[in-house]
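Have a look below at one chain only, the form predicted on its own, in C-alpha cells format.
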C-alpha cells in the first residue's frame, strides 16, 4: 500500500482503502490473523507478512512470559509491524478469563484483549453470560475488550452496553472451516451494531472471508483457515485479497437479486423494434 498521500491506496486498483478504526486506533488492514497451528514459526512469520494484516492475536497461555530467554512465537512477530492482541483462549469462566487478561497486560503484551470465555468443550461455543460479566469487569479496569461471541443480536447488544470496543460473532464453530452458517444473523447484527463488527471463527477459504465483508462486517479474524492450509503463505495472500474485494463490493452496493433474467443490453430503441 502507498501511504504517501495520507491514506492507504490499493496497489492493484489504485482505489483508496478505508481503514478499520477500533477504540480510536487505526488499522490499514481489515484482516486479523492468529498464531496457532502453524507447522513452524517461520511459516507463521511469512504467512503474516503475506496476509497484509497489521493485528495479530496471541493466546496468553501459549506464550512463555516468565522466561523470555527461551524461544517464543513472539520472537517471530515484529512489534513495529504488528499490533499484538492477546486472547484468553481456553478460559471457561469469567474469573479465569479476567485473570488471563490481567496476566497478559502485566507481562507487557497489551491492555487490549480478545476475550474468549468458552462454554462447551466440544463445540467451543462461548458462554455468553460469563462473557458479558468478564467484559464489564475488564472495561472497568481500563481494557479495550473485543469479545468472541455467538451470532446473536441480543448478546452483541449486551456486550456493547458493557463497554465492548467491538463485537466478534462467530461465522461457524472455531476451526471448522464451514463458512458463515447464519448469513441473516450477521446482517441483523450489522444493522444494529454501534461498534465495529468482526466476524471471528469458521472461515475456511477466501470466498467465506469475502462474504463476511460483503455482509457488512468491518473485519474478519481467522487462524486455522490460513495455518491449516496446504500452502499457508499463499492462502494468507488469498485472504488479504478476499477481504479487500468483499469490502469494496459492500461499499459499491450490489444489485438486488431477481427471480428472472434482465437483459444486459436494453432492447428499447433497437433497429427493427
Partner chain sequence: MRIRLNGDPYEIAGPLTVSALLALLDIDARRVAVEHNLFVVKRAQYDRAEIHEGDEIEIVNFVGGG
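This structure is a prediction, so every number in the text was calculated from the model and none was measured. Numbering follows the first chain given and starts at 1.
Omitted here: the form predicted together with the partner chain. The next part is about that form.
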Candidate stretches 121-129, 186-194, 71-79, 155-163, one within 4.5 Å of the partner chain in the predicted bound form by heavy atom: 71-79
The partner chain contact at residue 104 in the predicted bound form, heavy atom, 4.5 Å: yes
Residue 142: touches the partner chain in the predicted bound form, heavy atom cutoff 4.5 angstroms: no
Interface membership of residue 202, the partner chain in the predicted bound form, 4.5 Å heavy atom rule: no
The partner chain contact in the predicted bound form: residue 219, any heavy atom under 4.5 Å: no
Of 248, 215, 233, 59, the one that lies within 4.5 Å of the partner chain in the predicted bound form (heavy atoms): 59
Contacts with the partner chain in the predicted bound form, stretch 214-244 (heavy atom within 4.5 Å): 223
